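Take a look at this single chain in structure tokens; it is the form predicted on its own.
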């Protein structure tokens, strides 16, 4: 168990220092599970950035990070896909699993602009994750 916690010590330390509440770090079947609630979207973005440094492009697949952002953060954005729903992913990358979808022309909450390509959003149904920024228009 200690090996994964040692490998991702910087990630766990960042979660602690950035004020992630209800932080739980557990290991199951050689996968480290990190759960909690981030105070802002910027903190969640920072955790994903640290994770990407420790495991470039998330190739090892030995961390499951379930850290959502506290309610009430963010502004509104409109989904501007051509016709289809917008995939919402667990992390900022097409290699990350889809955790939800935002309907074409629906309005979502924009929590943070992670980078030029990926923005952290939340649907009215409470699905939170990263979506491709080119299909979102802040309102």
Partner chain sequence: MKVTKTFLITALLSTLFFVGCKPKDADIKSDIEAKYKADADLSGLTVQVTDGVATINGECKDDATKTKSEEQAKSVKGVKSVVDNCTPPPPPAPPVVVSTDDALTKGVMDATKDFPTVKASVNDGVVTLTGDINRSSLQNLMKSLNTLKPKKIQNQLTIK
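Numbering follows the first chain given and starts at 1. Treat the numbers as computed from the prediction; the structure is a model and nothing was measured.
The same protein also has a form predicted together with the partner chain, omitted here; what follows describes it.
Remark: residue 134 counts among the residues lining the partner chain in the model of the complex, judged by a heavy atom distance of 4.5 Å or less. Contact annotation: residue 14 falls outside 4.5 Å of the partner chain in the model of the complex, judged by heavy atom distances. When contacts are judged by a 4.5 Å heavy atom cut-off, residue 106 does not count as touching the partner chain in the model of the complex.
Not displayed here, the partner chain is kept clear of residue 40 by more than 4.5 Å at the level of heavy atoms in the model of the complex. Though the partner chain is absent from this view, in the model of the complex it lies within 4.5 Å of a heavy atom of just one residue from 113, 90, 78, 33, which is 33. The contact with the partner chain in the model of the complex, taken as any heavy atom within 4.5 Å, belongs to 63 out of 99, 54, 70, 63. Residues 92, 93, 94, 95, 116, 117, 118 are the members of 91 to 120 with a non-hydrogen atom no more than 4.5 angstroms from the partner chain in the model of the complex. Three angstroms is the minimum change: in the model of the complex, the CA atoms of residue 37 and residue 132 sit closer than in this structure, by 3 Å or more.
Between residue 97 and residue 16, the Cα spacing is larger in the model of the complex than in the shown form, differing by no less than 3 Å.
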